[in-house]
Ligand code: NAP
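Before any questions on how it binds or moves, here is one chain, the form predicted on its own, in structure tokens.
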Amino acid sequence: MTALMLESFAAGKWIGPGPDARAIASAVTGEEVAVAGSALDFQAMLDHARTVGGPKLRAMTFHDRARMLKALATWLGERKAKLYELSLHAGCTKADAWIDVDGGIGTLFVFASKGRRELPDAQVYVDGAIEQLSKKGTFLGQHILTPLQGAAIHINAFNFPVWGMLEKLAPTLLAGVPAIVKPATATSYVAEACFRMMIESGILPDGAVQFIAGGTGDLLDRLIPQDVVSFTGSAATALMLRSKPHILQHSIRFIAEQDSLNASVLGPDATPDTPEFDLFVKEAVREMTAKAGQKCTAIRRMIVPKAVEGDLIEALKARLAKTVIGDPANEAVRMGPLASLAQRDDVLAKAAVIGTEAECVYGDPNAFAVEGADAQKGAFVPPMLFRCPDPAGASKIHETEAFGPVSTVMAYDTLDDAIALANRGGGSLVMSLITHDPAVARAVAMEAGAWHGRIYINDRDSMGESTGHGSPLPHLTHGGPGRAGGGEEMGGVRGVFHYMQRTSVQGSPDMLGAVAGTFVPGSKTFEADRHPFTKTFGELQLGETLHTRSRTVTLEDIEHFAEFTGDTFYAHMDEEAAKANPFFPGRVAHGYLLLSFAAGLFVEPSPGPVLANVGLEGLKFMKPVSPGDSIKVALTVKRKTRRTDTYGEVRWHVVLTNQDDETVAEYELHTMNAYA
């Protein structure tokens, strides 16, 4: 094929390779497939992100941005065949490309969905409950999150040019922050093709995203405290970047996802005749060979009971022997080459280090078969399985990551020994535990949790639906302590918050309500000019309130409710027993009777814009209601959130008071209201 001239996208313009551009070789054939390296004005790129992209994104609500992500995911999904084709040159089989391409697109969909369901249709996120800072409640505190006003610099690894890019872009754009994407050069031709599709879609606002094909020059030395660096790669590179004096001096956020000596532990209950034993073998081999082991979550250390070590090694060898290595365009091939010749050399060098403490029991890099390709011209290596005879006394196997199809088996005597070995990695993105014993699962989680970002537990009950040891999910944190970098990419809305600033706001209820875009109890209200349930979603206004008439609660009401529902708890039926309870003055009304009466007081029964009551939150019973007491309700519009093209969610602040204007109950009611 003719070499692709990769272009950067800077300040709204495509810029081709410059005089210092370099060639990128096919991982399969060693032939030139692309040229990358643009001469760029990095200050202009940062200015464009901060002054053009940032304001446009911040003008959108979370829901606007979520819809944008969904549209982008749909657009890419309709054009992904091109990305599969290019991924062949990176050594990816169809299954490997699916992880990268479809995994990345799926991540966009997940963040789009979570953005609509878990974030408000607003520009400010309210973080936690109101803090009352004064006796009468006229001075309050509230934490809010707002988008950073800089740029997110995304430095991605070579192994996942699509997923690695999209997993960072999804939370960043949902937060309202523009991004400058820098892919690893070795596979940048796949990332550039995906990025070009994004620009051609016209879905993203100007300045929302930019792309660097080549080096970053002095980009990081031009950052300000409102910028963020999100990095995926080696621990050595992460240390070099995050230690830059400019980064440290200006306290610039640095999120790292780096080397990880992930472990998989086979529980002591998993003998060769159990489903868990077979499951361990299957998952271990898959993690060694998928993406040719070039996954930050791949299993590098297999920690197994000493009694089954021999059986396990034989089972692993038998399964590895079925792995066909070669040109990924060949459908019979199950493992392609590494991403580059340089990567091959690095893996072989690291495997040699591991070999000083462990014996290679499978995989000779000097003698293995390659299907449909030249083993010398491509970046091919075989799966290499090592066995360490003394894992407790060894050190290099717990410090050296060969980023390829290389893993080491190490045996343990007790579960405590297994946990200690798993933790010797110094912090990982993920560890897995294959066991059918809940006590083993609890012990491992309690003692290993502090050293691992994710603990994947699998057994015969969950294996049919489990996603696998090496599959980070956008719903959960992807990151880990120590050696793994200390960062947390993704993790649902937690990932979004990495690109936002948490601020405590103090003031009156009216001030906090204005800032947050919601009604705050204690704020000024106004009486509804007609029943709020007769108003469409658009007609309702925050603070609009309905005050109902009063209703007296009688002893007959209480007894009828008890008989009708079967709730004959003594506090409602036995005067003497109720008086003996320190919470009640005597027989009292059921809390749920009060809720029912409240609904009867504020509901408008005729068909109208209110489509459904979908739940309530924060229900509190604050003062008992005795027979003869009366209750009335104040129903206030608290928050409005668009949900579909035809209806939105309205949250109502509901307060029940008695004849003395004392609050007896309070909650938040959720309804779905039509737009018209």
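Remember, predicted model here, so these are calculated numbers, not experimental data. Residue numbers run from 1 along the displayed sequence.
Separately, the form predicted together with this ligand exists; it is not shown, and the next lines address it.
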Inset, instruction - For the three residues Glu287, Thr435 and His469, verify that every one has a non-hydrogen atom within 4.5 Å of this ligand in the predicted complex; reply yes or no. - result: no
Legend entry - Residue (of Ala329, Leu415, Ala315, Ala184) lying close to this ligand in the predicted complex, criterion heavy atoms within 4.5 Å: Ala184
Inset, instruction - Could you check which residue among Thr274, Thr74, Asn581, Ser234 gets a heavy atom within 4.5 Å of this ligand in the predicted complex? - result: Ser234
Inset, instruction - Would you check, heavy atoms only and a 4.5 Å threshold, whether His478 touches this ligand in the predicted complex? - result: yes
Legend entry - Glu401 within 4.5 Å of this ligand in the predicted complex, heavy atoms: yes
Inset, instruction - Indicate whether this ligand has at least one heavy atom within 4.5 Å of a heavy atom of Ala151 in the predicted complex. - result: no
Inset, instruction - Give a yes/no on whether Asp100 approaches this ligand to within 4.5 Å in the predicted complex, heavy atoms considered. - result: no
Inset, instruction - Among 152-160, 104-112, 361-369, 122-130, mark the stretch whose residues have heavy atoms within 4.5 Å of this ligand in the predicted complex. - result: 152-160
Legend entry - Contacts with this ligand in the predicted complex, stretch 286-303 (heavy atom within 4.5 Å): Cys296
